[in-house]
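First, one chain by itself: the form predicted alone, in structure tokens.
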């Protein structure tokens, strides 16, 4: 070796979403005994029409992490090859390690790949609840019960991890402050929330952008998404100090006056390892203990991390591989043009699609109650929607999108994850946003050319699936209301026109 050290005999393989020296396989290795392998896969880059900000984030973060490891004394073999398996094979041919160790990958297919290639798979610590522990909790919870829900898991997590707790009970007396966190956007939303941090682009950024531009979609990166741990930590501090105190009340709101509101936008860093859930939640707990953050904001955010995020992770591993192909409502419609660059007169969808194109991001209500809602009521194939969201969001990953789309958003799992389909008409969008003002469509109309497509499709959806949903106590009332509408036949006839225009890119 150039520095005279003995070449390591073992290899630790660091995948592109495991960029943290504290993760298990790397944390238990040493530069004296292990070489680091990192593989940049052309097959992965070419597998989807990735949003360029998603691909740029991962590739830049990988290359910068490799340089940091080298600076810390590690031997790093960074390969840019046709596939992960080819990169591993080439590494073995050159270095002949006695073993290749890798932390458990985040996807079912990647786990099968590393096992098939004789890697030593190390139990992961990227999440606060390992999926084996999730399975054990689920089995114990279902003893004497028929169902399990996120709220049940979240309370178990709170007790186990100790966040916002006073002994065995929540510090505020309430487990969930969701009722306090559903305010619509204020009329003075403009300038209410400080702009996100942005870093200057350097030569590496520009190099990666040039490589990706020919086969990616979306607007070029501007430095919004950090590609180093230091940058991710700055954004964590910015969120805690500036945004978290006001996070709770408007976390479900949508407005044309701010695309980010008080959302943390930390999920991309959690999903690739630049931040860990423990350090994020510890920072929130500390801010609450110091009296800098109200409990509703602290609880609302911690619930997203230790509750929802970890529940999605556990459910993915508990249900795969069959879960990704579930389609309980037999939805088969292709993605309409507005998902792939087309235009629309629906002000809500035009706004959110423009924000995704510009930033590669939208918050959870935009994902669920705009994109997901339209896809659900229009009958779009849930697998196509899963792939689209995976490719177009900077925090996209298979484990994220499969449960969130198949289960929560599209009810394609038949109710395993959600107790009801998350469908709504224009009234909900009007209540929680300012999108309806100035829109050519009227949220109150079910028929006529200017009827809100969400409203028309909502009632048609309830009728299309009336036999199933009339037996669901959470939506049976809406089904019966649909059946009693005096103009329901006209609504259903108009829905055919709406769907035809959606397919043609004419809405």
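Values in this document were obtained by computation on a predicted structure and should not be read as measured data. Residue numbers count along the first chain shown, from 1.
Form predicted in complex with a small molecule: not shown, discussed below.
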> 157, 256, 285, 264: which sits within 4.5 Å of the small molecule in the predicted bound form by any heavy atom?
Replying inline: 264
> Which of 432, 270, 416, 281 has a heavy atom within 4.5 Å of the small molecule in the predicted bound form?
Replying inline: 270
>> Please determine whether each residue of 301, 361 and 389 possesses a non-hydrogen atom within 4.5 angstroms of the small molecule in the predicted bound form.
In response: yes
>> Which is the contacting stretch out of 138 to 146, 334 to 342, 95 to 103, 367 to 375, given heavy atoms within 4.5 Å of the small molecule in the predicted bound form?
In response: 367 to 375
> Does residue 309 reach the small molecule in the predicted bound form if we count a contact as any heavy atom within 4.5 Å?
Replying inline: yes
>> Against the small molecule in the predicted bound form, would residue 411 count as a contact residue? Criterion: heavy atoms within 4.5 Å.
In response: no
> Heavy atoms within 4.5 Å of the small molecule in the predicted bound form: does residue 205 have any?
Replying inline: no
> Is residue 315 close enough to touch the small molecule in the predicted bound form, meaning at least one heavy atom pair within 4.5 Å?
Replying inline: no
